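Have a look below at one chain only, the form predicted on its own, in structure tokens format.
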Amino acid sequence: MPILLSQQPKEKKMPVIPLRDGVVFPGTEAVLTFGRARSLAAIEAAFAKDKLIVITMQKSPVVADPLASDLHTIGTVCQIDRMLKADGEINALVKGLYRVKIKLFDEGTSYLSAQVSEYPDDTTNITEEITALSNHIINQLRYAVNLGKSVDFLAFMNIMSKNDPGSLANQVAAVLEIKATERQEVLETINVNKRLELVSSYITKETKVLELEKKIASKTQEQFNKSIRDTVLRERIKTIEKELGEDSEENREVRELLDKIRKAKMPEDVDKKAKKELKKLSQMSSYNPEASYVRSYLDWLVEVPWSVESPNNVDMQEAEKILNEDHFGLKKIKERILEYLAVMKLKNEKIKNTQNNAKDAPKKTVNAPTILCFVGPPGVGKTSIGKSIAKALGRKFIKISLGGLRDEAEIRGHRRTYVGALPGRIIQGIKQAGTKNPVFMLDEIDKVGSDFRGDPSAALLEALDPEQNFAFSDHYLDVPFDLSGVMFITTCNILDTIPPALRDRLEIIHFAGYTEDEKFAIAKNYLIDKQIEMHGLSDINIKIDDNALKLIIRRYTREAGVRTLEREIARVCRKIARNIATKKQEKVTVKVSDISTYLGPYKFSSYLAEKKDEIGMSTGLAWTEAGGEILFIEVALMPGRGNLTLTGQLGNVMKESCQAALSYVRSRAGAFGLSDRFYQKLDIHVHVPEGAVPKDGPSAGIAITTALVSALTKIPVRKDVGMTGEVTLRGRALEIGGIKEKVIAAHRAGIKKIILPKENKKDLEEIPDYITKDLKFVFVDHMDQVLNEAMVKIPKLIIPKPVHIPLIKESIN
């Protein structure tokens, strides 16, 4: 209801709140949020007094703290109906009462206030034109709502209730999508006739926009309907072309795929699946997104070699010749591979005889007898011997690396429902080979991981099991593929990380590290010629002296394989290439004196060059992924309270060996001439040098015990004695592994005597004779024997007399 002039004072001082970009019209309601400090103070003051405030709009919305000059002088007196405080802000429901003109601002208080006077509508010329404008505005608003304009229901019903022209203009302007400046212009227009004309122009403009939006939506719907219509017409055209016998590009593609399916000679169930998918493709529109997925699937099906296989003619003499030409040494490994090939040859001949006797018999594939797993340190020829096997068999060679693989789909493939789905690496490798029976090497099988995407090693179980891989299921192909003719070879550095179920399917063949003489022969016969060819020096007469080559092996490399050796030879070749490019030479001979010029100072020195017999220090033998190493055990004694300190990055097993050694010494304290309570006044520190390298395992047990006894008895340990073996609490020396690698490392380091457990005597058969001739082996079964052999002088062992306990027989009632 409009407030009469007689009810309002002529002038009144009221709180003023500026809005950034909004206008509240008389006769309308709005929910406003206030956050500025002066606005909060103003609304608090008004709410405490008469709940009346003046709301006016800023001239520029970017001004954060507006002054009087930044505000419009025409505003609206509003009544605060409700107020809610939340998080430093006030949400208020305000109702516009009447328009006022601001005459004098007061900025002196905590909030803005001003003297205002009412600014009423000019209704002196109410004519029939105003009535017509009012009706036009109402009709236009009703039409806009029909076009989709969103208007609050109560506000819409209030507008439709035929208010006076001035209030109608205010209420319609409040629901229109117009700029803030245009709203302020409507508020400041006191002539009702002009205000109605202004609102009429705005609502007409908005109605035109709504008509355009509806027209665009209608066109989009028409285009969608047209697309469906075109699809239906294309299908009809296909039907008509089929009836008339006319050809199309899609029909040609279907026929080509059908020819490829026939030529692929797939198994019966796969052939049915392929033809079913082809029929589905022929019935699809070329614009159907699924058509490309089906086409890709059929391309994979026809390109996989279902019936193509390499001949299985194994020539044993030729195979042995190839293995010997490509690899030096590895005698037992070559023998095992030749046995493997011999089994395949006999099975192949048996199958051929069966097929010749029965011509209608189905063709069979020669299955691999077992799955080989080559285990050994890096650089010893595991991968290259796989290539030699493929060469000897006359088959294609495929290698995939499994290192770091964590997604099961990499092995089994992705489901076809995924975008960008592909078969697994096994099927991809078979397709790349072009035959169904290649030599397939799975490299680094010990480095396969698992996470939320599955366990790839579990997916390998089916592929590597000769009893079930004749029907290997790839998720993408979704049909069984026969892998029984594939010769799988796996490689790894260690067996510990391979799951037991997978390891059970593999026949393990161990590759030991090369001896110095083997490295010399490999470098002389293979590596030097290879690097000369790679560095463009084949036209130059280059010779590396034998002694120079041995110096490179001894002082610039320390590894189980020959990769570092090959790199050092490559460095020499690069230096020679640079010298030849600078000054022309036709002949180069590398001598011992030239090595430091090419490769710099020695990288490794002899372990025993400056070593002497030491108290509390023994030499152990260790096995690593890169071959054997010698390990120094140091023991230091300090005044203390019996604490045992272990350093050098020792693993749990090695720490337990140290504790077992100490317990053994304490239990035999009297025999070593020590007091029973010697440990109570000493702190013992056991350290294994190269502290940055993790170490673990039980094989250092007797070396730790020897160093501990030496430190306590003050008797030095011989410098040329190396030892390995596990120790028990009673002093027994138990069998350990990695003997060949450890003995080779000891020989390389200059050790003269090696102490081994008796059970390891059988392992010396694998070690070359020229190494065993240079070493003296002592086989023991107790620590007393170890101490007698390892220490400079024999410690006087005081063996306590046995205590005889009489047997008391009890009668049983």
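Predicted model only: the values in this text are computed from it and were never measured. Note that residue numbering begins at 1 and tracks the sequence as displayed.
Another form, the form predicted together with a small molecule, is not on view; read the next lines as being about it.
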Is S384 close enough to touch the small molecule in the model of the complex, meaning at least one heavy atom pair within 4.5 Å? yes
For P378, is any heavy atom within 4.5 Å of the small molecule in the model of the complex, or not? yes
Mark Y98 yes when one of its heavy atoms lies within 4.5 Å of a heavy atom of the small molecule in the model of the complex, and no otherwise. no
Check Y514 for me: does it contact the small molecule in the model of the complex (non-hydrogen atoms, 4.5 angstroms)? yes
Select from the listed residues A174, I159, I430, L527 the one whose heavy atoms reach within 4.5 Å of the small molecule in the model of the complex. L527
So which of E118, E735, D407, E566 gets a non-hydrogen atom within 4.5 Å of the small molecule in the model of the complex? E566
Residue stretch of 198-206, 557-565, 679-687, 574-582 approaching the small molecule in the model of the complex, non-hydrogen atom distance within 4.5 Å: 557-565
